[in-house]
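Presented below, as structure tokens, is a lone chain in the form predicted on its own.
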């Protein structure tokens, strides 16, 4: 009898694999259709202008085609539902009704928008913009709302007392209040960051100069970019600066933190001194080190005044080592923050681990290398993210110290982008350089994210 009950519970509670797979395709279809429609509004449609009427059909029909695939996925979800499809007694009936009402309202605004314009004119410009937006996109958004309502109705028909909520229910129904509160942030992320990124990538394939122009030139901007010595030098400088900054920041920061962790006297004073440069802006840091490395008034001048007449140290005036002069200033400013992060991580290590290592006779350096460092992995990841973001954004330091000189020896990608877009009045070239910077970040970020999160999921 017990075995029969357990079998019945397992059969009733197990969600079919096929249903879960189709729910994922349904979410992907809805999200893909909305993002594709947004991309078309932000400039992706220029790719199809040369096709004439066929291009217009593609621009308008491609998002609908993706939504049609989502509709087929919804049918598959319903077909694979263990409890069928029911609205009476549906657990998510309130959500279904809400999304259905939203779809009906969008349809009303889409069909009767012109009749509403005189009535909403008294409400001001925002109301008119809303009516015009619904007139252009209301039908599409109504279809999205109906798909969501149908998927929630299918999920709500399941006997969830014995089974785990489906992925669609977890996304669209659970913790709905918190998700609604996050809508403004999501809109900003999609509209400003994602939308701006897509807009930049799209217009990098045009011949935009002072102002954006929708004239397609293919990969011409990228061919010109990689054929320019200034860009190649900036990439080389970024690699040198990035690798050296990453290694030396972590090594020096960790060593300083390890020394301060020995309970030295005046620890607070030393910590303040090491961290103080981080409070300065890159412009101030660059100007300070421009003076320190000046051959007449800086280190070289002081050493020569002491009698060493042949001493030479002028990295900012030597094309071969100028990037290392910039690196010195960057390390001086940023190492203090890394030290504080490492020190916080070291203070989080249990004292019993140190005692056990001393009892076992493990040398101090082995304790740090094989025990402490692996335990500080989250701290090192945070440090890597902070340093990497600073490397990609390095601009102020270069401008303050060398302005890209001598010649173009200290150019970096961020300065190249700024000069092309605002001084050279070549938007498309700047967009192409920005896209390459984004691509380089993704090449590093995607494999790391897969190894970091994908490995845990498989484990």
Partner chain sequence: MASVVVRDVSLNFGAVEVLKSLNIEVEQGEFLVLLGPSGCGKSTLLNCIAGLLDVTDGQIFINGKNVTWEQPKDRGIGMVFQSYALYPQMSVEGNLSFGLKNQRLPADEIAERVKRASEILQIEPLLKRRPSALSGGQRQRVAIGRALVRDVDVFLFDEPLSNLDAKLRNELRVEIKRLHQKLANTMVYVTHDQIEAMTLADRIAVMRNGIIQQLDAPQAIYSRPVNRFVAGFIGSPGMNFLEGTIEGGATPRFNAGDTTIDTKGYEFADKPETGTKAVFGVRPEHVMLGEAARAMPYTSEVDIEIVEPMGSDTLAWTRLGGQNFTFRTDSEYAPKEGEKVLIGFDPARASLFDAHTDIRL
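None of the values given here were measured: they were computed from a predicted structure. Numbering follows the first chain given and starts at 1.
Not on display, but discussed next: the form predicted in complex with the partner chain.
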{"item": "Contact label in the predicted complex: residue 209 to the partner chain, heavy atom within 4.5 Å", "value": "no"}
{"item": "The partner chain contact at residue 370 in the predicted complex, heavy atom, 4.5 Å", "value": "yes"}
{"item": "Non-hydrogen atom contact residue 361 with the partner chain in the predicted complex at 4.5 angstroms", "value": "yes"}
{"item": "Proximity of residue 355 to the partner chain in the predicted complex, heavy atoms at 4.5 Å", "value": "yes"}
{"item": "Every residue of 350, 366 and 375 near the partner chain in the predicted complex, heavy atom within 4.5 Å", "value": "yes"}
